[in-house]
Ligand code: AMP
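In the form predicted on its own, a lone chain appears below as C-alpha cells.
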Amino acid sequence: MSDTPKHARFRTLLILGAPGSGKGTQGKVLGSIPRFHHLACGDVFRSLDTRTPLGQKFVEYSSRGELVPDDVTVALWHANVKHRVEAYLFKPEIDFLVLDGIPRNVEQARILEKHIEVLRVFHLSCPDRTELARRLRKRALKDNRFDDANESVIQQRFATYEAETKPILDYYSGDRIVNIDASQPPAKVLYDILGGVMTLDAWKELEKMKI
C-alpha cells in the first residue's frame, strides 16, 4: 500500500466537455503518460463485480431502467479507485488522477469533495454543436452503435449536458478552470492541457522528486 495517508484526498484533474468534445480521447492519452492515472466513469461500471453488495445495488437500479443515484455512483467509483491503489495501478503519492465522465452533476461533485482535491478543470469548449454532432455520428457508425447516430439522441445528450453537467463549471469556478478550444487538432488540445498541468505547484514539486 502507498504511504499516502488514508484520509488524504487524491490530486485530481477533471476533463469536462459536451459529448463529442474529445474528453475520453484526451483522458486516455494522458493516462498513457507516466504520473497520470486515467479513470473514466464508464470504466467503473464495466469492471463492476455484481456479486458485491454495491454491485447488487447497481443491478437493482439498472434492471429497472432507473438512473443509479449519485451516492451509489460515487461509492462504486471510490471502491474502484481503492482497488487500483491496493493493486499499485494508481500511486496517489506520485500520480495525478485524471477523471472524465464523473462527476456528472453538481451533487456528485459535492459528494466527491471528501475523496478528491480538484487542482484543474479542463473545459473542452466547442460552441459549434454541428461539429460535435458530426463527431458523434462518425464515432457511432464506427462503433456500430447506429442508435447513437440518431439526431434526436444526439440533441438529447447535448440538452442533458447543458442542464446537468455544465453547471459543474460554476461549482469549481475560479482559476481552477482552464478553457480549451476543443475544435483544435487533438495534439494541440493535449498540448494545452499539459501546459495547464505544468503551472501547478503540485507538478513542480513532483518534478523536483525526479521519480
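Only the largest set of C-alpha atoms that superpose within 1.5 Å between the two forms is called the rigid core. Only a predicted model underlies this, so the values are computations on that prediction, with no experimental measurement involved. One rule holds for the numbers: they count along the sequence shown, beginning at 1.
Beyond the structure shown, there is the form predicted together with the ligand, which is absent from this document and is the topic of what follows.
- Figure note: of the listed segments 31 to 39, 48 to 56, 144 to 152, 175 to 183, the one touching the ligand in the model of the complex, with heavy atoms no more than 4.5 Å away, is 144 to 152.
- Only one of Leu124, Leu132, Ile102, Ile116 comes within 4.5 Å of the ligand in the model of the complex through a heavy atom, and that residue is Ile102.
- Interface membership of Glu66, defined by any non-hydrogen atom within 4.5 Å of the ligand in the model of the complex, is confirmed.
- Using a 4.5 angstroms threshold between heavy atoms, Arg157 counts as touching the ligand in the model of the complex.
- Mapping the unseen interface onto this chain, Gln108 counts among the residues with a heavy atom inside 4.5 Å of the ligand in the model of the complex.
- Superposition on the rigid core between the shown form and the other one places the CA atom of Ala159 less than 2 Å from its counterpart.
- Relative to what is shown, Leu54 and Glu117 are farther apart in the model of the complex; their C-alpha atoms differ in spacing by at least 3 Å.
- Closer approach of the C-alpha atoms of Phe158 and Leu67, by 3 angstroms or more, is seen in the model of the complex than in the present form.
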